[in-house]
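Here you get one chain, nothing else, as structure tokens; it is the form predicted alone.
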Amino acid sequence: MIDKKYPDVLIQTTGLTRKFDRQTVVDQLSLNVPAGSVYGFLGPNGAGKTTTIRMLLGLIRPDAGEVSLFGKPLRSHRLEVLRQVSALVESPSLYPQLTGGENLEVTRRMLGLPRQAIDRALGMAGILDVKNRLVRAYSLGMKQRLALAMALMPEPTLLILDEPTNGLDPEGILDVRELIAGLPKNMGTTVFLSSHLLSEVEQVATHIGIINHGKLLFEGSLSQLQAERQQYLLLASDRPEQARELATRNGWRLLPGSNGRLKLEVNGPADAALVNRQLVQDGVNVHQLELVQPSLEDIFMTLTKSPVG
């Protein structure tokens, strides 16, 4: 069993920078991933997420900056710290001519784990019932679950996942979501999770890091991120164009992305009531009035569409 006593910050990067062909892919990135967290690492395609993960795992070296895991520099303590890390990055590497159980047996022998670790990991990934089936007969989602089981088998202190729900159906995504959310409590495992499924990340993450063009745009708890974006008012009426004109004339700021409804920046229920009263007084019948807390996707789109300084 791996010793779960670790510092308050499990992953720390300082000024992490990586270039390819003179293009800066990761730019002065400084991350702090708390122990016991599920850390959602987000960014648009090409933002530098996978390059960052490869540097965290020592697969590529940074051009500048440093990675520390468990409070120790990766550069000088590589083998020591990576023994406590498991990862699932991109497509899983499996032996198709072996069964699922035999694939895990290969890993078990390399790591010197007890035999019961195989069934435990397969059960956690929800594929114990196909343990004896050849992997070549697995669906893409089953292969992804098997790779996840392989990563969970040594009960890592730190689990790094890059798009772990690739190929999964909705039921599989739900199962993996519940598994990830419970890992800090059930296994003492900190999870560093990169995914494009923002709604899923929102339901499991305790902390968020958002990057774009290799630069860090936000880092903090999910509640801190949500607090930075105030509620907005979603409004539908029988005269949408007149409602839009009246709202603008009365000084309300319109927000984009309303799908035919008005989306107004407001400061809570009192503002919502005032908007409603102003429209009704001008003969506009309001049939939907809803205060909405911005979702992670709303906030993500706002941040990543802003100019990067």
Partner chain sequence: MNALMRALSAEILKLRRTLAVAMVWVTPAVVCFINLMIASDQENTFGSLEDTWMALASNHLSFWTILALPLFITLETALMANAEHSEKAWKHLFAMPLPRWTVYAAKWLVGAGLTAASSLVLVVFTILNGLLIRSMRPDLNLSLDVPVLPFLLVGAKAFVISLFILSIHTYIANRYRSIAVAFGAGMVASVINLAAISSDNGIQYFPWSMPASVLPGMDGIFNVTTITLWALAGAAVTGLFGMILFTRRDVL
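Residue numbers count along the first chain shown, from 1. Please read these numbers as outputs of a predicted model, since none were measured by experiment.
One more form of this protein exists, namely the form predicted in complex with the partner chain; it is left out here, but the text below deals with it.
Contact annotation for residue 230: none of its heavy atoms lies within 4.5 Å of the partner chain in the predicted complex. At least one heavy atom of residue 59 is located within 4.5 Å of the partner chain in the predicted complex.
Among residues of the shown chain, residue 92 is one whose heavy atoms approach the partner chain to within 4.5 Å in the predicted complex. Contact annotation: residue 137 falls outside 4.5 Å of the partner chain in the predicted complex, judged by heavy atom distances. None of 230-238, 120-128, 83-91, 211-219 except one has non-hydrogen atoms within 4.5 angstroms of the partner chain in the predicted complex; the exception is 83-91.
Between the options 189, 99, 144, 195, the residue in contact with the partner chain in the predicted complex by a heavy atom within 4.5 angstroms is 99. Checked against the partner chain in the predicted complex, the residues 180, 150, 201, 161 give one hit for a heavy atom within 4.5 Å, which is 150.
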